[in-house]
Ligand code: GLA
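Starting off, we have a lone chain in the form predicted on its own, written out as C-alpha cells.
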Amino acid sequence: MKNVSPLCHTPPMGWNSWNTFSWNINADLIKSSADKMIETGLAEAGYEYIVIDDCWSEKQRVNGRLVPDHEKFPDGIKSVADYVHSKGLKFGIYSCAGTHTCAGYPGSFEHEFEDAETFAEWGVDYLKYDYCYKPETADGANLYKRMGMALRNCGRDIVFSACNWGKDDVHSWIRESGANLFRSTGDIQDNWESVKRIALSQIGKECCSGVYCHNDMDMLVVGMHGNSDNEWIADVVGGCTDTEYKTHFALWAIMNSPLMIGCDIRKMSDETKEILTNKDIIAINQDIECRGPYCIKQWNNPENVFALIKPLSGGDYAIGMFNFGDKTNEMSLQFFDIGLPYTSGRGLEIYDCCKHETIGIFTERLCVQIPSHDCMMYRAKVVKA
C-alpha cells in the first residue's frame, strides 16, 4: 500500500491565469508569473501554486490523449511544469467534467483515468475541474467521484479542485468525492457587487468546509482594477477600489476560502502587494484548525454591517467587522454574544491585523466606526481584565 501524504490541510494559496488572461495564455506568461511569484515575495507569504486555466490544449485529442496547443506551449506542458518546479513552486492545470471545457476544448468526460495519468506524467500538482457541457443525464456527483478516484490512483499527489459553481447541492456530497476544495459560487467579477453577493451567499454554510476539503468562493480579483482580457470579468468603471479589495481579501481569508490570486502579478501596485502579503490576515486563513466563522449582525443595521468570529488554534479568535453600506457605519460587538460575559472577569486583548499593532484590552464590547465598503480585521486574545 502506497503512503500518500494528505493534501490541503489548510486552504491552498496560489495564482490562476483565468481572471486576467482568460484564453490569452502561453508558456512565457506562465514562466514569467512564476518568476514574479518569487521576486515579489508572494511565495514567501505562502502562495505556492501556479495554475493554467482553460484554453491550454488543442481542440482535438490525439490517440485519445490531451495534447497542448503547439503555438501556446511549443515545448509542451511538462517543460512549463519543470520550470515552475525549478522555482520551488507547484504547478496546476485545468480540465472539465463535461465533454468539453467552458471554452470548447476537450473535457475529461469518460477520459478521467487517462487524463489523470497524463497530468501525473507532466508533473501536475493541482487540477481545477470545471462543470461545463456535462451531459444532461450524467450524475454530477458521480463524475467528480470518478476523477477523484483517477487522481488518487495516478501515481502522483494532485490537489483536486472541484469547480461546479455550487450546483446540485454540492455541499452535501463533495467531501466524499475526494475533492480538496470545491467551488460553491458562480464566477466572480471585478466589481464590488459581485464580491458582496458571493460573500453573503456563503454565510450560514461555514460547517460545509474543513480540513482537506475547503469551500472555494472563487479566485481573487484583488488588484485587477478592471484589467482583464475577458469583458465579462472586467468592470467598465475600473474594478474595485483598494479599500474594497482589502475587504474582499479579508472576507475570503476569514471565511476559509482558498486564496488564488487572479491579477497580473507582474504588474502589481504597492497597495495590491500589501493586501495580498498581509501575514496577519493570511495566518487567520491558514490556521491549522480550519474552523469556519459564525456571523453576528449589527442589531440596528443588519443589512449592511456584521462581524465574523473565527476560533483559532491556541485559544485566540479572529474578528472581522464588515460594512457593506455606502456610508460610515457602526459595529458594536457584544462579548456576551461570543461566549465572554463581563462577570467572567476577562476581556479581549485586540491586535489590529492591518495596522499590525495591539490597540488595547476591551471588556464587555468592542465598538468601531467602519468606513463604507471597508473592514476591520482583529486577532483577539482572552485575558484577565
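Note that the structure is predicted; figures quoted are calculated from it, not measured. One-based numbering along the sequence shown.
Just so you know, the form predicted together with the named molecule exists too; it's not on screen, but the next bit is about it.
Only one of C163, I281, L151, M224 lies close to the named molecule in the model of the complex, with a heavy atom inside 4.5 Å, and it is C163. Among F249, Y144, F182, Y94, the residue placing a heavy atom within 4.5 Å of the named molecule in the model of the complex is Y94. Judged by heavy atoms within 4.5 Å of the named molecule in the model of the complex, the contact stretch among the candidates 68 to 76, 289 to 297, 194 to 202, 123 to 131 is 123 to 131.
Interface residue remark: A138 is not counted as part of the site for the named molecule in the model of the complex, having no heavy atom within 4.5 Å. Looking at E117, you'd find every heavy atom of it more than 4.5 angstroms from the named molecule in the model of the complex. A residue is said to contact a partner when one of its heavy atoms sits within 4.5 Å of a partner heavy atom; W15 fails this definition for the named molecule in the model of the complex, lying far away. Taking non-hydrogen atoms only, D187 approaches the named molecule to within 4.5 angstroms in the model of the complex.
Looking at 269 to 287, no residue comes within 4.5 Å of the named molecule in the model of the complex, counting any heavy atom.
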